[in-house]
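Take a look at this one chain, the form predicted alone, written out in structure tokens.
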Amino acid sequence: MHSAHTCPAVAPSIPSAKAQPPEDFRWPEGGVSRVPFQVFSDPAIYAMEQERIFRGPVWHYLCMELEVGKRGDIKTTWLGETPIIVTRDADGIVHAMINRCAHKGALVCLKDRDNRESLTCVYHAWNYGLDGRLKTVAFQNGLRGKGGMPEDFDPSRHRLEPLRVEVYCGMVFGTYSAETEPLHDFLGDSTRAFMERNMKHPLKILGVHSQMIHNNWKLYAENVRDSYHATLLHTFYTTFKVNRLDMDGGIVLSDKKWHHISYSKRATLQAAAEYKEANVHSAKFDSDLEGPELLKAWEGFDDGITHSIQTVFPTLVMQLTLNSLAVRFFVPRGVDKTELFWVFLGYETDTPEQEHMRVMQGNLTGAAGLVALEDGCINSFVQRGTATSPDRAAFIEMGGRVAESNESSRATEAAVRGFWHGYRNIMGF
């Protein structure tokens, strides 16, 4: 597969920063160890995020490269609230552009996936190449010498607004801003290295689904960085010893602190007394599975890591739980709703038995999985609990008050603080 990289010849317009925070908004003392509840429910702050984060100088996951694997392939997706088209043109180059006709602003592509030689808006049949450049305008010269566009109409000045695109580890990333640093630098050394461990293989897509969760998008961004809750809330993880804090593991933050890796090694479990002393409900059960094959796994790597969650700021997650490999990304659908997408993956080199095991293990964490159900519920509990108290703040001091790596313990909220470090940096709070 040709992994083309491209930067558009025409720079996209960058929206001006019109949205402003409420006049009385102040980040509380305590830095990243405090998070004002207001950021989860304030429409003005939500509007600012669309400008400064989703249309700002940040790289965003758009889709898997496999989803535009062939020439002419088209994939529609989202960057924040903005609809996006990703294409692969006849030369094998990957492009991304806003899904909005240059004429009247209608959506140009309506299907989730398609394969065509060009893009045509159904409203007035304006036709674009797969690179987004305007090719033809219906009745540009009118009919029988009458009507049509003005003589100075220049099709080259009317195209689908392009994004900068880079492809890395089988994933397509895009950004609006010409000021965004190269993706290589945005990710940093530790993030790239672990992405390559899990993703730099001949990938295949095993399945895709999505779910709507009823909480602000940042609560999910926190949740996937929160190693503290994983074995307290998720009974299945603890009862069946898939992921516990008393396994060897750690938290690695990127140089920017915005991205993180949480990992554990199942074979190193040494039951800690704290689970019993804290009366952890998820550690009280001694159950057996009627279908124990759900947890049948093979050692895919020689580093002993059997569970990992990796995030890339702001909305990308990569998971490898036993052998369940998946990309998750989440799209804000309003101040209190988020759509969460899952792309389950395998390797082309998998045996049929291994592929079957990956599919089975998708039940651990997918939209109908044992873990995601609990995360969806708990995030909605936080949304409901915080919405009526915008003047209060979360207390995030487990493992310290700063955002830094800790490879001796995952009883820490360091990665959550890292997210807020990035958020405050971009938002100017």
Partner chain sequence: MLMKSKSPGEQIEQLLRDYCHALDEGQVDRWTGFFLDDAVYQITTRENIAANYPLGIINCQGRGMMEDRIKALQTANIFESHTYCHVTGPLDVREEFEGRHTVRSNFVVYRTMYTGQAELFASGKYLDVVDTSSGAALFAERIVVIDSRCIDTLLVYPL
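Numbering follows the first chain given and starts at 1. As the structure is a prediction and not an experimental result, all values here were calculated from the model.
Omitted here: the form predicted in complex with its partner chain. The next part is about that form.
Q: Looking at 398, 370, 387, 44, which has any heavy atom no more than 4.5 Å from its partner chain in the model of the complex?
A: Contact residue from the list: 370.
Q: Could you check which residue among 288, 154, 302, 179 gets a heavy atom within 4.5 Å of its partner chain in the model of the complex?
A: Of 288, 154, 302, 179, the residue with a heavy atom within 4.5 Å of its partner chain in the model of the complex is 288.
Q: Of these, 53-61, 33-41, 376-384, 389-397, which stretch puts a heavy atom within 4.5 angstroms of its partner chain in the model of the complex?
A: Partner-contacting stretch among the options: 376-384.
Q: Kindly confirm or deny that 74, 111 and 166 each have some heavy atom within 4.5 angstroms of its partner chain in the model of the complex.
A: Heavy-atom distance to its partner chain in the model of the complex: none of the three under 4.5 Å.
Q: Can you work out whether residue 94 and its partner chain are in contact in the model of the complex, taking contact to mean some heavy atom pair no more than 4.5 Å apart?
A: Residue 94: no contact with its partner chain in the model of the complex.
Q: Just checking whether residue 213 would be counted as a contact of its partner chain in the model of the complex - the rule being heavy atoms within 4.5 angstroms.
A: Taking the distances in the model of the complex, the answer for residue 213 is yes, it comes within 4.5 Å of its partner chain.
Q: Using 4.5 Å between non-hydrogen atoms, is residue 236 touching its partner chain in the model of the complex?
A: It does: once its partner chain is placed as it appears in the model of the complex, residue 236 has a heavy atom within 4.5 Å of it.
Q: Would you classify residue 260 as touching its partner chain in the model of the complex, given a 4.5 Å non-hydrogen atom cut-off?
A: Residue 260: no contact with its partner chain in the model of the complex.
Q: Taking only heavy atoms into account, state which residues of 190-205 are within 4.5 Å of its partner chain in the model of the complex, ordered by sequence.
A: Contacts from 190-205: just 205.
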